[in-house]
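Next up is one chain by itself, shown in C-alpha coordinates, the form predicted on its own.
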Amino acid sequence: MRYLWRLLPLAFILLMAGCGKQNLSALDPQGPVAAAQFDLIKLSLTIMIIVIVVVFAIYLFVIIRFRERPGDTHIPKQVHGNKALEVVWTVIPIILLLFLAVPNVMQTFTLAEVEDTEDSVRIVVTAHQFWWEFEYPEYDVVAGQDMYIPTNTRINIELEASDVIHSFWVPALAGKQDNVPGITNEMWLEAPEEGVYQGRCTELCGEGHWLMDFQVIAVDPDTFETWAQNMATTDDDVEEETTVAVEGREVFEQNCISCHAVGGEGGNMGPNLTNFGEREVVAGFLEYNDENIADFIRYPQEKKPGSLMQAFPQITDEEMDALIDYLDSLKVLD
(Lines give C-alpha, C1' and ligand atoms only; values in the text may rest on other atoms or scores of the structure.)
Protein backbone atom coordinates (compact mmCIF):
# COMPACT_ATOMS: atom_id res chain seq x y z
CA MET A 1 0.00 0.00 0.00
CA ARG A 2 2.93 2.36 0.57
CA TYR A 3 3.45 2.52 -3.20
CA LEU A 4 -0.14 3.54 -3.98
CA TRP A 5 0.67 7.20 -3.31
CA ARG A 6 2.60 7.13 -6.58
CA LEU A 7 -0.71 6.74 -8.40
CA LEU A 8 -2.05 10.00 -6.97
CA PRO A 9 -0.71 12.18 -9.83
CA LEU A 10 -2.41 9.89 -12.35
CA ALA A 11 -5.66 9.98 -10.37
CA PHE A 12 -5.45 13.80 -10.28
CA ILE A 13 -4.94 13.98 -14.05
CA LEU A 14 -7.92 11.69 -14.66
CA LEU A 15 -10.04 13.79 -12.30
CA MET A 16 -9.09 17.04 -14.02
CA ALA A 17 -9.79 15.50 -17.43
CA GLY A 18 -13.48 15.55 -16.53
CA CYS A 19 -13.43 19.26 -15.73
CA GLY A 20 -14.02 22.02 -18.24
CA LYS A 21 -16.69 23.82 -20.17
CA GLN A 22 -19.82 22.07 -21.35
CA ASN A 23 -19.96 20.99 -25.00
CA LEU A 24 -16.18 21.07 -25.38
CA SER A 25 -15.48 17.38 -25.93
CA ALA A 26 -15.27 15.20 -29.01
CA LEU A 27 -16.24 12.30 -26.74
CA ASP A 28 -19.72 13.78 -26.27
CA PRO A 29 -20.91 14.20 -29.88
CA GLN A 30 -23.93 16.44 -30.43
CA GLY A 31 -24.41 16.22 -34.19
CA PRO A 32 -24.20 13.81 -37.14
CA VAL A 33 -20.66 14.82 -38.11
CA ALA A 34 -19.30 14.50 -34.59
CA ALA A 35 -21.21 11.23 -34.11
CA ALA A 36 -19.68 9.73 -37.26
CA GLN A 37 -16.19 10.78 -36.17
CA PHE A 38 -16.79 9.42 -32.68
CA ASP A 39 -17.77 6.05 -34.19
CA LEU A 40 -14.37 5.99 -35.94
CA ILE A 41 -12.68 6.77 -32.62
CA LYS A 42 -14.49 3.88 -30.96
CA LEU A 43 -13.63 1.52 -33.85
CA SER A 44 -9.94 2.45 -33.68
CA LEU A 45 -9.89 2.14 -29.91
CA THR A 46 -11.61 -1.27 -30.02
CA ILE A 47 -9.07 -2.64 -32.49
CA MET A 48 -6.16 -1.27 -30.48
CA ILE A 49 -7.51 -2.78 -27.25
CA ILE A 50 -7.92 -6.17 -28.93
CA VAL A 51 -4.33 -6.01 -30.23
CA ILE A 52 -2.98 -5.02 -26.82
CA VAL A 53 -4.90 -7.79 -25.03
CA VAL A 54 -3.76 -10.46 -27.51
CA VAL A 55 -0.12 -9.31 -27.50
CA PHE A 56 0.06 -9.19 -23.70
CA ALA A 57 -1.68 -12.56 -23.42
CA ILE A 58 0.90 -14.12 -25.76
CA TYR A 59 3.68 -12.32 -23.93
CA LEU A 60 2.57 -13.62 -20.51
CA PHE A 61 2.05 -17.12 -21.90
CA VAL A 62 5.58 -17.18 -23.30
CA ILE A 63 7.08 -15.85 -20.05
CA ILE A 64 5.30 -18.48 -17.97
CA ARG A 65 5.47 -21.42 -20.38
CA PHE A 66 9.11 -21.01 -21.37
CA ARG A 67 10.56 -19.59 -18.19
CA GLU A 68 13.81 -21.03 -16.94
CA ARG A 69 13.33 -23.79 -14.39
CA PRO A 70 15.85 -25.36 -12.00
CA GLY A 71 17.82 -28.03 -13.82
CA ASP A 72 17.02 -26.77 -17.34
CA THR A 73 19.98 -27.27 -19.62
CA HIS A 74 18.37 -27.23 -23.06
CA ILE A 75 17.54 -24.25 -25.24
CA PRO A 76 13.86 -23.90 -26.27
CA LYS A 77 13.06 -24.90 -29.84
CA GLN A 78 13.71 -22.00 -32.21
CA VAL A 79 11.00 -20.97 -34.69
CA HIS A 80 13.02 -18.56 -36.83
CA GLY A 81 12.00 -18.87 -40.45
CA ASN A 82 8.63 -20.46 -39.67
CA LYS A 83 6.61 -19.56 -42.78
CA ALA A 84 3.26 -20.28 -41.16
CA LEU A 85 3.91 -17.80 -38.33
CA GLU A 86 5.27 -15.20 -40.74
CA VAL A 87 2.12 -15.45 -42.84
CA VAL A 88 -0.09 -15.15 -39.73
CA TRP A 89 1.59 -12.05 -38.33
CA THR A 90 1.58 -10.45 -41.78
CA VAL A 91 -2.02 -11.23 -42.71
CA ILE A 92 -3.56 -10.26 -39.36
CA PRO A 93 -2.20 -6.66 -39.40
CA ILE A 94 -3.38 -6.28 -43.01
CA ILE A 95 -6.89 -7.36 -42.00
CA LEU A 96 -6.88 -4.98 -39.03
CA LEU A 97 -5.71 -2.12 -41.25
CA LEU A 98 -8.53 -2.85 -43.68
CA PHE A 99 -11.03 -2.72 -40.82
CA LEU A 100 -9.63 0.71 -40.02
CA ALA A 101 -9.06 2.03 -43.52
CA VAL A 102 -12.36 1.20 -45.22
CA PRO A 103 -14.69 3.01 -42.75
CA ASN A 104 -12.26 5.94 -42.47
CA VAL A 105 -12.02 6.41 -46.24
CA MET A 106 -15.80 6.12 -46.65
CA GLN A 107 -16.48 8.67 -43.91
CA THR A 108 -13.79 11.00 -45.28
CA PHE A 109 -15.59 11.22 -48.62
CA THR A 110 -19.00 11.49 -46.94
CA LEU A 111 -18.00 14.32 -44.61
CA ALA A 112 -16.17 16.13 -47.43
CA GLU A 113 -19.39 16.47 -49.45
CA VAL A 114 -20.49 20.06 -48.80
CA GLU A 115 -23.76 20.34 -50.69
CA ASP A 116 -26.08 23.33 -50.77
CA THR A 117 -29.66 22.31 -50.16
CA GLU A 118 -32.89 24.26 -49.96
CA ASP A 119 -32.69 24.47 -46.16
CA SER A 120 -28.92 24.70 -45.69
CA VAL A 121 -27.19 27.81 -44.37
CA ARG A 122 -23.81 28.92 -45.69
CA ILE A 123 -21.37 30.71 -43.37
CA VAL A 124 -17.97 32.16 -44.30
CA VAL A 125 -15.70 31.83 -41.27
CA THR A 126 -12.68 34.12 -41.40
CA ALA A 127 -10.01 33.76 -38.74
CA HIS A 128 -8.03 36.81 -37.59
CA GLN A 129 -5.36 37.33 -34.98
CA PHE A 130 -7.01 36.67 -32.54
CA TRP A 131 -10.77 36.69 -33.19
CA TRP A 132 -13.38 35.14 -35.46
CA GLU A 133 -15.62 36.66 -38.12
CA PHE A 134 -18.82 34.95 -39.32
CA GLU A 135 -20.41 36.11 -42.55
CA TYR A 136 -23.85 34.97 -43.72
CA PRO A 137 -23.94 35.82 -47.46
CA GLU A 138 -27.58 34.81 -47.89
CA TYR A 139 -28.66 37.20 -45.12
CA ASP A 140 -26.17 40.03 -45.69
CA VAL A 141 -25.04 39.65 -42.08
CA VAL A 142 -21.59 39.75 -40.48
CA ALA A 143 -21.14 38.70 -36.85
CA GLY A 144 -18.15 38.51 -34.57
CA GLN A 145 -17.08 35.89 -32.01
CA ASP A 146 -20.50 34.18 -31.72
CA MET A 147 -21.72 32.02 -34.62
CA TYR A 148 -25.50 31.64 -34.55
CA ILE A 149 -26.97 28.63 -36.36
CA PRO A 150 -30.45 27.09 -36.63
CA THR A 151 -30.95 23.62 -35.15
CA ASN A 152 -31.49 20.53 -37.31
CA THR A 153 -30.14 22.42 -40.32
CA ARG A 154 -27.11 21.62 -42.44
CA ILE A 155 -24.53 24.37 -41.96
CA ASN A 156 -22.06 24.63 -44.85
CA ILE A 157 -18.91 26.43 -43.79
CA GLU A 158 -16.22 28.12 -45.88
CA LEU A 159 -12.99 28.57 -43.93
CA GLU A 160 -10.66 31.48 -44.68
CA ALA A 161 -7.91 33.39 -42.88
CA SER A 162 -6.85 37.02 -43.11
CA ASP A 163 -3.28 36.71 -41.82
CA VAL A 164 -1.75 33.37 -40.74
CA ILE A 165 -2.92 29.77 -40.53
CA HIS A 166 -5.61 29.13 -37.92
CA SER A 167 -7.80 26.08 -37.28
CA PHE A 168 -11.56 25.97 -36.66
CA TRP A 169 -12.76 23.36 -34.16
CA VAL A 170 -16.10 22.83 -32.43
CA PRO A 171 -15.42 19.49 -30.68
CA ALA A 172 -19.04 18.59 -29.93
CA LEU A 173 -20.19 19.25 -33.51
CA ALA A 174 -17.32 18.45 -35.91
CA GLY A 175 -13.62 17.78 -36.25
CA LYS A 176 -11.09 20.52 -36.84
CA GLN A 177 -10.31 22.09 -40.21
CA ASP A 178 -7.61 24.64 -41.08
CA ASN A 179 -8.15 28.28 -42.05
CA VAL A 180 -5.38 28.98 -44.56
CA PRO A 181 -4.67 32.40 -46.13
CA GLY A 182 -5.45 32.34 -49.85
CA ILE A 183 -7.21 28.95 -49.66
CA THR A 184 -10.86 28.24 -48.97
CA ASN A 185 -11.50 24.98 -47.13
CA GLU A 186 -15.00 23.61 -46.70
CA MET A 187 -16.78 21.57 -44.06
CA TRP A 188 -20.28 21.11 -42.70
CA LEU A 189 -21.93 20.48 -39.36
CA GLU A 190 -25.35 20.26 -37.78
CA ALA A 191 -26.63 20.85 -34.25
CA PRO A 192 -29.62 18.70 -33.22
CA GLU A 193 -30.40 20.66 -30.05
CA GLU A 194 -30.37 24.26 -28.89
CA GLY A 195 -27.39 25.24 -26.81
CA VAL A 196 -23.97 26.86 -26.71
CA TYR A 197 -21.16 24.84 -28.23
CA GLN A 198 -17.62 25.91 -27.39
CA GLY A 199 -15.09 26.42 -30.17
CA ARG A 200 -11.33 26.84 -30.27
CA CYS A 201 -8.50 27.73 -32.61
CA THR A 202 -6.22 24.67 -32.68
CA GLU A 203 -3.36 25.99 -34.81
CA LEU A 204 -0.61 27.98 -33.08
CA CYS A 205 -1.09 31.42 -34.63
CA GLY A 206 0.70 33.80 -32.29
CA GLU A 207 0.97 34.75 -28.65
CA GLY A 208 -2.79 35.26 -28.29
CA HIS A 209 -3.63 31.86 -29.80
CA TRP A 210 -4.55 30.26 -26.49
CA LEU A 211 -7.29 32.86 -25.95
CA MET A 212 -8.77 32.64 -29.46
CA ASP A 213 -12.08 31.10 -28.40
CA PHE A 214 -15.56 31.43 -29.86
CA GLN A 215 -19.06 30.06 -29.38
CA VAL A 216 -21.53 28.36 -31.70
CA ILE A 217 -25.02 29.22 -30.49
CA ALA A 218 -27.73 26.91 -31.81
CA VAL A 219 -31.29 28.27 -31.70
CA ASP A 220 -34.56 27.14 -33.24
CA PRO A 221 -35.02 28.12 -36.93
CA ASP A 222 -37.58 30.85 -36.20
CA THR A 223 -35.32 32.49 -33.64
CA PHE A 224 -32.43 32.30 -36.07
CA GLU A 225 -34.45 34.04 -38.79
CA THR A 226 -35.36 36.79 -36.33
CA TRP A 227 -31.73 37.14 -35.28
CA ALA A 228 -30.53 37.36 -38.90
CA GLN A 229 -33.16 39.93 -39.85
CA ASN A 230 -32.39 42.11 -36.84
CA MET A 231 -28.63 41.82 -37.41
CA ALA A 232 -29.15 43.17 -40.93
CA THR A 233 -31.20 46.13 -39.68
CA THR A 234 -29.45 49.46 -40.19
CA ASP A 235 -29.17 52.14 -37.51
CA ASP A 236 -31.78 54.23 -39.29
CA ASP A 237 -34.36 51.57 -38.49
CA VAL A 238 -33.54 51.36 -34.77
CA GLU A 239 -35.93 53.01 -32.32
CA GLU A 240 -34.89 56.16 -30.46
CA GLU A 241 -32.22 55.41 -27.86
CA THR A 242 -32.18 56.44 -24.21
CA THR A 243 -30.15 59.45 -23.08
CA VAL A 244 -27.44 57.23 -21.55
CA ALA A 245 -27.23 55.15 -24.71
CA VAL A 246 -26.91 58.30 -26.82
CA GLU A 247 -23.99 59.50 -24.67
CA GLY A 248 -22.36 56.10 -24.95
CA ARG A 249 -22.95 56.05 -28.67
CA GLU A 250 -21.09 59.36 -28.97
CA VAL A 251 -18.12 57.84 -27.12
CA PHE A 252 -18.32 54.80 -29.40
CA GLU A 253 -18.33 56.93 -32.56
CA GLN A 254 -15.37 58.95 -31.32
CA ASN A 255 -13.20 55.96 -30.45
CA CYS A 256 -14.46 52.64 -31.82
CA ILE A 257 -16.54 52.93 -34.98
CA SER A 258 -13.56 53.07 -37.34
CA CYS A 259 -12.79 49.42 -36.46
CA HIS A 260 -16.09 48.00 -35.18
CA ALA A 261 -19.44 48.01 -36.99
CA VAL A 262 -22.87 48.28 -35.40
CA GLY A 263 -26.02 47.84 -37.43
CA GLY A 264 -24.23 48.02 -40.77
CA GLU A 265 -22.21 51.15 -39.99
CA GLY A 266 -18.55 51.15 -39.04
CA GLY A 267 -15.31 49.41 -39.89
CA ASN A 268 -14.47 45.74 -40.22
CA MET A 269 -10.99 45.61 -38.70
CA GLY A 270 -12.48 44.23 -35.47
CA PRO A 271 -15.49 42.06 -34.55
CA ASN A 272 -18.97 43.27 -35.44
CA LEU A 273 -20.66 44.48 -32.23
CA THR A 274 -24.30 44.67 -33.37
CA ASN A 275 -25.42 42.12 -30.76
CA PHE A 276 -22.69 42.73 -28.19
CA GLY A 277 -25.17 42.98 -25.30
CA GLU A 278 -26.24 39.35 -25.82
CA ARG A 279 -22.78 37.87 -25.41
CA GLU A 280 -21.78 35.71 -22.48
CA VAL A 281 -18.06 36.45 -22.75
CA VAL A 282 -15.89 39.42 -23.68
CA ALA A 283 -13.14 39.03 -26.32
CA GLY A 284 -13.98 35.35 -26.55
CA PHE A 285 -12.81 34.33 -23.08
CA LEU A 286 -13.48 36.92 -20.34
CA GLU A 287 -16.61 36.80 -18.19
CA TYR A 288 -19.13 39.36 -19.38
CA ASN A 289 -19.22 42.13 -16.77
CA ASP A 290 -18.61 45.88 -16.66
CA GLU A 291 -15.16 45.56 -15.10
CA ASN A 292 -13.83 43.18 -17.76
CA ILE A 293 -15.32 45.26 -20.57
CA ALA A 294 -13.66 48.41 -19.24
CA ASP A 295 -10.31 46.71 -18.63
CA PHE A 296 -10.24 45.18 -22.11
CA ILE A 297 -11.09 48.48 -23.81
CA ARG A 298 -8.41 50.34 -21.89
CA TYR A 299 -5.66 47.70 -21.98
CA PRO A 300 -6.48 44.97 -24.56
CA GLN A 301 -2.88 43.75 -24.94
CA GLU A 302 -2.67 43.00 -21.21
CA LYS A 303 -5.81 40.86 -21.37
CA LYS A 304 -5.12 39.20 -24.75
CA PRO A 305 -1.39 39.28 -25.65
CA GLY A 306 -0.79 40.08 -29.29
CA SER A 307 -4.17 41.72 -29.76
CA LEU A 308 -4.14 44.33 -32.54
CA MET A 309 -6.82 46.41 -30.84
CA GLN A 310 -5.80 49.95 -29.90
CA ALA A 311 -5.66 50.73 -26.19
CA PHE A 312 -7.86 53.54 -24.82
CA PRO A 313 -6.54 54.49 -21.36
CA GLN A 314 -7.65 58.08 -22.00
CA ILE A 315 -11.36 57.26 -21.74
CA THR A 316 -12.66 58.69 -18.44
CA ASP A 317 -14.73 56.70 -15.96
CA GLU A 318 -17.87 58.66 -16.87
CA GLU A 319 -17.32 58.06 -20.58
CA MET A 320 -16.59 54.39 -19.95
CA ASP A 321 -19.80 53.95 -17.95
CA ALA A 322 -21.81 55.50 -20.78
CA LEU A 323 -19.99 53.41 -23.39
CA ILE A 324 -20.66 50.20 -21.47
CA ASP A 325 -24.35 51.12 -21.11
CA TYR A 326 -24.48 51.61 -24.86
CA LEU A 327 -22.74 48.29 -25.55
CA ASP A 328 -25.11 46.55 -23.13
CA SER A 329 -28.05 47.91 -25.11
CA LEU A 330 -26.85 46.35 -28.36
CA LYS A 331 -29.22 43.39 -28.65
CA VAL A 332 -31.13 41.89 -31.56
CA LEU A 333 -33.06 39.22 -29.64
CA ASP A 334 -35.46 39.96 -26.78
Partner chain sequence: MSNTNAQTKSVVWDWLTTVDHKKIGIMYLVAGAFFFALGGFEAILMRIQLMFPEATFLPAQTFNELLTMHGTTMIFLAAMPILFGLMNYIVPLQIGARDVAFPFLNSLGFWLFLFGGILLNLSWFFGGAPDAGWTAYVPLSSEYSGTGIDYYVLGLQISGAGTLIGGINFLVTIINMRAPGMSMMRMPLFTWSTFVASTLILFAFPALTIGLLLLMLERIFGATYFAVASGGNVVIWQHLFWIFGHPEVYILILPAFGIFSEIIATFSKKRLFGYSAMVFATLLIGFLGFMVWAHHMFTVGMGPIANSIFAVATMAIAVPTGIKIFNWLFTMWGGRIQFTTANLFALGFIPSFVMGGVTGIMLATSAANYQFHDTYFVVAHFHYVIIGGVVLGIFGGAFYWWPRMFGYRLNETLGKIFFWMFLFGFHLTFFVQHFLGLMGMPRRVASYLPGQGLDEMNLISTIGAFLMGVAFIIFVVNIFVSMKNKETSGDPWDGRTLEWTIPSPTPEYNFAQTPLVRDVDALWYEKYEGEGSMKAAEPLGDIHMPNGSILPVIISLGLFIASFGFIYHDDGWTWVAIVGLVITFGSMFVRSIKEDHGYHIPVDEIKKGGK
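The structure presented is a predicted model; accordingly, all values stated were derived computationally and were not measured. Think of the rigid core as the biggest set of C-alphas that the two forms share within 1.5 Å after superposition. Residue numbers count along the first chain shown, from 1.
The discussion below concerns the form predicted in complex with the partner chain, not included here.
Quiz item: If you check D140, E193, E250, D163 against the partner chain in the predicted complex, which one has a heavy atom within 4.5 Å?
Solution: Contact with the partner chain in the predicted complex is made by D163 alone.
Quiz item: Do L111 and the partner chain come within 4.5 Å of each other in the predicted complex, heavy atoms counted?
Solution: Although the partner chain is absent here, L111 would touch it in the predicted complex, with heavy atoms inside 4.5 Å.
Quiz prompt | Contact test in the predicted complex: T226 vs the partner chain, heavy atoms, 4.5 Å | solution = No, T226 stays farther than 4.5 Å from the partner chain in the predicted complex.
Practice problem: Would you please decide whether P221 lies within 4.5 angstroms of the partner chain in the predicted complex, comparing each non-hydrogen atom pair? | Solution: Outside the cut-off, so no.
Quiz item: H209 near the partner chain in the predicted complex, any heavy atom under 4.5 Å?
Solution: Answer yes; at least one heavy atom of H209 falls within 4.5 Å of the partner chain in the predicted complex.
Quiz item: Just one of 142 to 150, 120 to 128, 169 to 177, 252 to 260 has heavy atoms within 4.5 Å of the partner chain in the predicted complex; which?
Solution: Going through the listed ranges, the match is 169 to 177.
Quiz item: Taking the partner chain in the predicted complex, which residues of 201 to 226 have any heavy atom within 4.5 Å of it?
Solution: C201, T202, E203, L204, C205, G206, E207, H209, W210, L211, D213, in sequence order.
Quiz item: Core-aligned, is the CA shift for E113 between the shown form and the other one 2 angstroms or more?
Solution: It does not reach a 2 Å shift.
Practice problem: Please check if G182 moves between the shown form and the other one, taking a CA shift of 2 Å or more relative to the superposed core as movement. | Solution: No, the C-alpha moves less than 2 Å.
Quiz prompt | Threshold 2 Å Cα movement between the shown form and the other one at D72, rigid core reference | solution = Yes.
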